[in-house]
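Listed next as C-alpha cells is one chain, alone, in the form predicted on its own.
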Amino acid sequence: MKHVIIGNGIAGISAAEMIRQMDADASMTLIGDESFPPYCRPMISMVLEGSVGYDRLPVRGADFYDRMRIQPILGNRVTALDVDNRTVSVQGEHNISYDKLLIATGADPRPIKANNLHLKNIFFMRTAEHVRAMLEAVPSARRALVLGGGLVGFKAAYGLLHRGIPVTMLIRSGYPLALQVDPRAGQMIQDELVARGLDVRVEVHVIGFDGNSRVRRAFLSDGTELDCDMVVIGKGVTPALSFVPKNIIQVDLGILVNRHLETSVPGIYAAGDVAELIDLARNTRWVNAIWPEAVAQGRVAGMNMVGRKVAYKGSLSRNVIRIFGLDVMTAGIVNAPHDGPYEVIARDDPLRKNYRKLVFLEDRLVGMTLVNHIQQGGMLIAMMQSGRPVNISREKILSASFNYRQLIR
C-alpha cells in the first residue's frame, strides 16, 4: 500500500506515525512546503519574544524520516491533485502516485487588501521562516504596527513589546480576541494591553502603506496616518486548498470529511486545520484550527488509511493564553446568539479581575469563558466533549469551588 501525506505539520506526522505503527511495510511519502523539520508552530511567537531559540522548535528528531522509513519531499508545494489517476503534482514538475492520500496542508495566513503591500518589513507570522525574517528587521525597528486582534496579532505584539519596540495594534472589531472571547472578557483584555503599554485602536483598519523600499507609514480607514517601520499581518488563517479540485472533492471553508476523516472521494482523507467536521458544541460542521485537534485527527486518519475503521466523535474549539496579568481560557460557544435557545450565566468580579461565563444548550454545557482562576477549565472542557447531561444547579458549576464529583452524586 502506497500512502502519500501532503503536509509536514503535526497532523501529517501524527498520521505517518500511526500508519507505521500499524503497517510495518507500507510505503510512505510525505510532502511539505517548509524545509524546517517538524516543529511546534505555536512556539514561534516565543522565538520572536526571545524566550526560546530555534533549537527548541522541533517536535521530532533529525532521524524522524529515516526512522519512520518515510520518503520526504520538503521545500515544495503540491500544485495539483489528479483524482482520476491518483497522482499529486509537486511544483508542477513531477507526479507522485498514491493508493491512499492524506491532505494535511494546514492553513495559510489570511491576506489583506491594502496599497503597497510589496514594501519591505511587512510580514506574516505563520512559519518559522516568517519569524526569522522578522527578527532580522527587529534591530532597526523603531515602531511596529500589528494588524489584527486575534491570537496571532496578540502574540506578535507581545513579542515585539518584550523586545522594547513600541507597538500599535489595529483591530477591525470592537475588542481584542473577538473570535475567542465575549465582549466583557474582551474589554478586560484590552484594558490589560493598554495598561502594559500597547496602543490599541479598535474599529479601524489599514488601507495602504507608504515608503521608498521599506514601509515607513500606514494610512488608516479613519483618515489618520501612523508612522511605522515594521508591520505584522495577523488577520487569521484560511485552509490551504489551492490545489484541491473543488468540483470533485466537497469543500466549504475546509475540506468536508466524514466520521472517518475521509473526504467525498474514497481513499482521500483530510485532517488538521484543513478539515471541516462536526463541532461538538455547535453540532454543525466547523474548522477548529488548533494543535490538539490536529494531533488527534492525524492519528485517526492514519488508522483509517490502513483499514482500521475508527470514528472521530468531533472537534471542539478551545484556547488558553496568558495576557500579561490575565489568564484566559475559552472553549466551545463563547458568544451565544441572544435570540437562540441558549442559557447564559455569568459572574463578574472586577476588583479581583475574575470573570466566569458558561453557556448551556438544554442540559448540555456548550461554552465557557474564564478570566483568571482557570484551574477548572480542563474539567469543563471534558464535560463539553462528553456531552454528558448536566443535572445539578448551573450556579454550582459556575462557582469557583465546583468539583467534578458533584456531577456523579
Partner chain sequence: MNDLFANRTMTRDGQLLLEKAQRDRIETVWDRFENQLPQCGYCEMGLSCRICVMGPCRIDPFGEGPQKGVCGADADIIVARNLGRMIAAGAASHSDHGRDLVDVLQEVAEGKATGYQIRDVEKLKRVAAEYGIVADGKDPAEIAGELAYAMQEDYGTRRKSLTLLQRAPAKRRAIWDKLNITPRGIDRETSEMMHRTHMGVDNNWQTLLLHGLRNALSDGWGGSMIATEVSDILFGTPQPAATMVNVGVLKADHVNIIVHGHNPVVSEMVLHACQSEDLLQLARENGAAGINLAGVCCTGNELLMRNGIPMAGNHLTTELVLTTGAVDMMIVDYQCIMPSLGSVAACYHTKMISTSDKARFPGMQHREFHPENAAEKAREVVKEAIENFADRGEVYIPVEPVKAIGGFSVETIVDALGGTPQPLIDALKAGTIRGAVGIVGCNNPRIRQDFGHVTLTQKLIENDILVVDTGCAAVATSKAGLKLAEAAQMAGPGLREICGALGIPPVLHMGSCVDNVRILVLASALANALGTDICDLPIAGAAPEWYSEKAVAIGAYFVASGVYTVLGPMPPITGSMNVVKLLTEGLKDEVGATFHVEPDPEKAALAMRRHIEGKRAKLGLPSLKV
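None of the values given here were measured: they were computed from a predicted structure. Residue numbers count along the first chain shown, from 1.
One more form of this protein, predicted in complex with its partner chain, exists but is not displayed; see below.
Contact with its partner chain in the predicted bound form, judged as any non-hydrogen atom within 4.5 angstroms, is confined among 27 to 35, 359 to 367, 63 to 71, 344 to 352 to 344 to 352. Although the partner is absent here, Ser386 is not a contact residue: none of its heavy atoms lies within 4.5 angstroms of its partner chain in the predicted bound form. Applying a 4.5 Å heavy atom cutoff to its partner chain in the predicted bound form picks out Glu395, Ser399, Ser401 from 374 to 401, in order along the sequence.
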